[in-house]
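A single chain comes next, written as structure tokens; it is the form predicted on its own.
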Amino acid sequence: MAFKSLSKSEKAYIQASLQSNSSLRGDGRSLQEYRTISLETGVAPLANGSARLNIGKNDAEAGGGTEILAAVKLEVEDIEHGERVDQGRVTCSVSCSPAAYPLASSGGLDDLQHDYSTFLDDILSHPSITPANLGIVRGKKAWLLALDLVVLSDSGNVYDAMFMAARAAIWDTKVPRTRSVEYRAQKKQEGDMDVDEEKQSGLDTRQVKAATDFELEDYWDEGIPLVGREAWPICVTLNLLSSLHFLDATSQEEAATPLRLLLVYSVASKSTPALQGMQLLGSGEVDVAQIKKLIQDGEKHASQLLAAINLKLRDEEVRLTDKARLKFASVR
């Protein structure tokens, strides 16, 4: 939602173009075609994982499009007290740059940030997709994965962009390698004499029977990838207009479209996409039969989108791995 205001004639023109036999769009795309997606990971050096994603960037003008910055920060959380998840948890928050919504008031911007944060946090913090390697010391400490997103610009289809950026940041995240340690105090029997003998360190990491703390290990790759990152969900927004739907709407097309159906899918390797959540935005009604058909169509779109995103992520992973290996070798 970019707070675009269109006249009745503009809305009618866009709707008529979309519903025509040739389905004309302003940028020449087909109804099921996305704009150009550019993706870069590792953009925030102080974060455990980060990504910058742009949909619809105009290379000729060196700008434009919907742009999202996502960053992951891992924090140690004490789970001995309170209601904490034993194997870690995920939180998500979204901030919007005022430049992305210049027509929005401060109150409207706060409401928009709240809506974005609530929707993403409800989906991404669910235990079913929480990475399995966030635990540190069982029953004592675990990683809190804080995912922060910033909407830098909104030229339409911001929900899809946020979920893609979140997936890229999660894919780029490395969990620091840790090992459990236990502090043992030397026991002395009453009446024993003090004699010089080889002392054993109280910080014994070789045989840990009851771990009480942890320490970080030193590896060149700075950690291991999150377990289950392949199943991290993506969003497919179906813009509904009469009997048709189309993908990746621009801000003008969104203003002319009465309904949008957000479908969030989790796709494990070579399996059918699983619906994680959905939300209907706008005014109007959709019957159950149409919803079922749209969910089936959404599965196909999600699989195609995921294949394209994963290809970009693997290319970025190779680039960053080579860069990190050379950097580590130069300082050893």
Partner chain sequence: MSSRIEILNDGGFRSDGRRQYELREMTFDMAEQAGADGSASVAHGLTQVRVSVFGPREAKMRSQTIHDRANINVEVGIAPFSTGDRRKRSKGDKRILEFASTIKSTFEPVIQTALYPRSQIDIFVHVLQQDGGVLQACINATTLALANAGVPLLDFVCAVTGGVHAAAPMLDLTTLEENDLPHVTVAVMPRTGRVTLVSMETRLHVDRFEEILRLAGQAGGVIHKEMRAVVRERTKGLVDAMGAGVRTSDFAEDAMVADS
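Residue numbers count along the first chain shown, from 1. These numbers come from a predicted model, not from an experiment.
Only in words, not in the display: the form predicted in complex with the partner chain, which the text now covers.
The three marked residues, 277, 301 and 312, fail to reach the partner chain in the predicted bound form, with no heavy atom of any inside 4.5 Å.
Though the partner is left out of this view, residue 28 does not reach within 4.5 Å of the partner chain in the predicted bound form, counting heavy atoms only. Although the partner is absent here, residue 106 sits close enough that one of its heavy atoms falls within 4.5 Å of the partner chain in the predicted bound form. By the criterion of a heavy atom within 4.5 Å, residue 45 is counted among the residues contacting the partner chain in the predicted bound form. Taking non-hydrogen atoms only, residue 306 never approaches the partner chain to within 4.5 angstroms in the predicted bound form.
Proximity to the partner chain in the predicted bound form, taken as a non-hydrogen atom within 4.5 angstroms, holds for one residue of 227, 146, 231, 259, which is 146. Site annotation in the predicted bound form: the residue of 152, 162, 79, 240 reaching within 4.5 Å of the partner chain with a heavy atom is 152. Only one listed stretch (109-117, 124-132, 162-170, 242-250) carries heavy atoms within 4.5 Å of the partner chain in the predicted bound form, and that stretch is 109-117.
For the partner-free chain shown, nothing in 233-258 comes within 4.5 angstroms of the partner chain in the predicted bound form, judged by any non-hydrogen atom.
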